[in-house]
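In the block that follows, a single chain appears as structure tokens, in the form predicted alone.
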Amino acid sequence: MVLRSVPTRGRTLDHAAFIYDICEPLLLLGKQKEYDNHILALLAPQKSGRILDIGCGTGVLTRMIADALGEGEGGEAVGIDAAAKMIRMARKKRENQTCRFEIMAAENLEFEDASFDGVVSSLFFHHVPLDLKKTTLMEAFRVLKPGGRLVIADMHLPTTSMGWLVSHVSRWFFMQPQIGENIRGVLPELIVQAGFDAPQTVACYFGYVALFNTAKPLSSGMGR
């Protein structure tokens, strides 16, 4: 069966799938394990939990989450990405009993309401335009159970001169206005607008990647 990328106005990385596992550790300056472990600690998944990874790429973080779940206890980590080559690579390298991958656009999640205990996204939102950022967060809110945790790590307001340089050069070098939206600081307000509690910024990596932690209120409905 031929896997095909799904249409989206977001930026996909099909072209980088075969080198992504080499490039990502370099881009994270040797801190990938620390970074991923921090995300996992914030999610704190239960053994029987169901976690969604939005924009999973080749599935490194998804598999790490899956390994923290209990095989045979109903736990599952699901990674989605619009890029078919990324999902092909993720399935080949990392799929198992508690870890699966689907080709899917983040702004149109094909899951039932309140079907996940946690949602995570790492370095995805700076690839999609403002309206899709909003829609994706609303979809994340919809598929989360009340009380479910949302953890996002992405480009945000630079906190150091090097972070300012890297983020602004990236925005213009890659001709990516979506990066410009992120580094203006739009994500926290978009998270609140989607219905989540005000996010805590719990860490900043490299002077420009913020780690946000929030949850869907226990008393919330399906959306706003």
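Because the structure is a prediction, the values reported are computed rather than measured. Position 1 is the first residue in the sequence shown; the rest follow in order.
Omitted here: the form predicted in complex with a small molecule. The next part is about that form.
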{"item": "Contact of T98 with the small molecule in the predicted complex (heavy atom, 4.5 Å)", "value": "no"}
{"item": "Contact of C204 with the small molecule in the predicted complex (heavy atom, 4.5 Å)", "value": "no"}
{"item": "4.5 angstroms heavy atom contact with the small molecule in the predicted complex for V128", "value": "yes"}
{"item": "Exercise: I65 in contact with the small molecule in the predicted complex, heavy atom 4.5 Å", "value": "no"}
{"item": "Proximity to the small molecule in the predicted complex, single hit among A105, V143, V151, M89 (heavy atom within 4.5 Å)", "value": "A105"}
{"item": "Heavy atom contact within 4.5 Å of the small molecule in the predicted complex, the stretch among 70-78, 117-125, 90-98, 143-151", "value": "117-125"}
